[in-house]
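The form predicted on its own is given below as one chain in structure tokens.
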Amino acid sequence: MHADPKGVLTGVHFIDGDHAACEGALAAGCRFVAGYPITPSTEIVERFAARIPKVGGVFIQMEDELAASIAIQGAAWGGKKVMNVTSGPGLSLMMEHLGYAFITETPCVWIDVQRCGPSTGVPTGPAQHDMMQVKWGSHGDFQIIALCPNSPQECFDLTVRAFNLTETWRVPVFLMMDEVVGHMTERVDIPRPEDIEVVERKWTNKRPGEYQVYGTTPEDLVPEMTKAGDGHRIHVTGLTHNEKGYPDMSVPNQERMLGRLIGKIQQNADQLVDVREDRTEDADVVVVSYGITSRVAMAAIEQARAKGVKVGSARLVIAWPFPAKRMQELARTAKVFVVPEMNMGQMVQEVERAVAGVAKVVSVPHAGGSVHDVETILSAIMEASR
């Protein structure tokens, strides 16, 4: 289906990534946001609060991040497309509710505009410090999807995509922006509503008494959904549950439920991963990057190519699930992977795990507060090529 024209500001805009992400959410049909202001994400909810009265929806500034991360889940079960917005310390507080969203299969989008940590760190400085927190921060085994825009245009495009993914797979989906992308102002083209594909929730047509809130088949691992007030009896709990939603904490049911929840992402990983490649066909050196770092890396790659080095780029548009299979394929031809990121080495661990010693892996860390110098990445490429 196409986007609701009420939420789409079709045209050419000169806006920053935070505002573009807000417009992406509105275009995707988001009509409920609960948030607690935190730098550098606040501009997203400020714009949403200003725009939503004209579109028809609700924004609530909650008393803290815990309240925000659970309020959106109530609204989702009430039938709304939902989102919350935060940054590193706020995300830490939301972690228990991230697990709740996973086990209850609540469709919801979380935008994390990353800044420097640990703790309060440098609130206004750029970083990519939360890449492992979103993957492993909540307790238990769970799977999420995480997208990494590198421009305001992608903040719009990938926010729409994030909503489509969360409705398709019923898992929490993250937009992992960084402070530079969030506050960077560039041209953003917002298409016409009829050119924006929007995934509608998989509503059930079953009658009360026939519908099971977590009922699935082996071929379709994502259950149909209803909403409060539609006449179906539903039970939504963070306890291990059966197809009816009732607590069933037996060992066989724990294995069955968790296996399906994780399986629906792992079994479909090939259609979820998104790696944008440039000149990897003949590359001896592959630079793996994401977010704003990918744009700095591209400048270094161009300079290295001018010096005769066969180097290519592999940009992680979707970081989770990690494209391990593609990294393994690249390792058959490339000799070295260079991984610059604005942390002390997080995603590089996944590259190392995937490559498994077939090729050398070089980390180019950065503590945050600023982006890499082009010369730093160029130097790493030149050293790796020798």
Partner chain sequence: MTLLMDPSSEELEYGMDNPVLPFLRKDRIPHIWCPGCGIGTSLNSFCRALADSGMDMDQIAIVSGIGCTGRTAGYLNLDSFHTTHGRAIPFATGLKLANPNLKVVVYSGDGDLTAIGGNHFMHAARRNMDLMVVCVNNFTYGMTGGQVAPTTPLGPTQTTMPYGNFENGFNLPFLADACGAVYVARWTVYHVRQLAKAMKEGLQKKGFVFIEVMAPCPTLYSRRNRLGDGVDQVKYYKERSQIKNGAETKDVGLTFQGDIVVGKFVDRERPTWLDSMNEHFGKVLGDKFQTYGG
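Positions refer to the first chain, counted from 1. Since we're looking at a predicted model, the values are computed, not measured.
The same protein has a further form, the form predicted in complex with the partner chain, not shown here; the description that follows concerns it.
Participant: Let me know the one among Lys206, Lys202, His235, Lys307 whose heavy atoms come within 4.5 Å of the partner chain in the predicted bound form, would you?
Facilitator: The option sitting close enough to the partner is His235.
Participant: Using a 4.5 Å heavy atom cut-off, indicate which stretch of 264-272, 72-80, 171-179, 215-223 touches the partner chain in the predicted bound form.
Facilitator: Residues of 72-80 come within 4.5 Å of the partner.
Participant: Taking a heavy atom within 4.5 Å as contact, would all three of Gln61, Tyr100 and Met249 count as contacting the partner chain in the predicted bound form?
Facilitator: Looking in the predicted bound form, the three residues Gln61, Tyr100 and Met249 all sit within 4.5 Å of the partner chain (heavy atoms).
Participant: Considering non-hydrogen atoms and a 4.5 Å limit, does the partner chain approach Glu96 in the predicted bound form?
Facilitator: Because a heavy atom of Glu96 falls inside 4.5 Å of the partner chain in the predicted bound form, the answer is yes.
Participant: Taking 4.5 angstroms as the cut-off for heavy atoms, does Ala324 touch the partner chain in the predicted bound form?
Facilitator: No.
Participant: Spell out, yes or no, whether the shortest heavy atom distance between Lys335 and the partner chain in the predicted bound form is within 4.5 Å.
Facilitator: Judged by the heavy-atom cut-off of 4.5 Å, Lys335 is well away from the partner chain in the predicted bound form.
Participant: Is it the case that Asp230, even though its partner is missing from this view, gets within 4.5 Å of the partner chain in the predicted bound form, heavy atoms only?
Facilitator: It does: once the partner chain is placed as it appears in the predicted bound form, Asp230 has a heavy atom within 4.5 Å of it.
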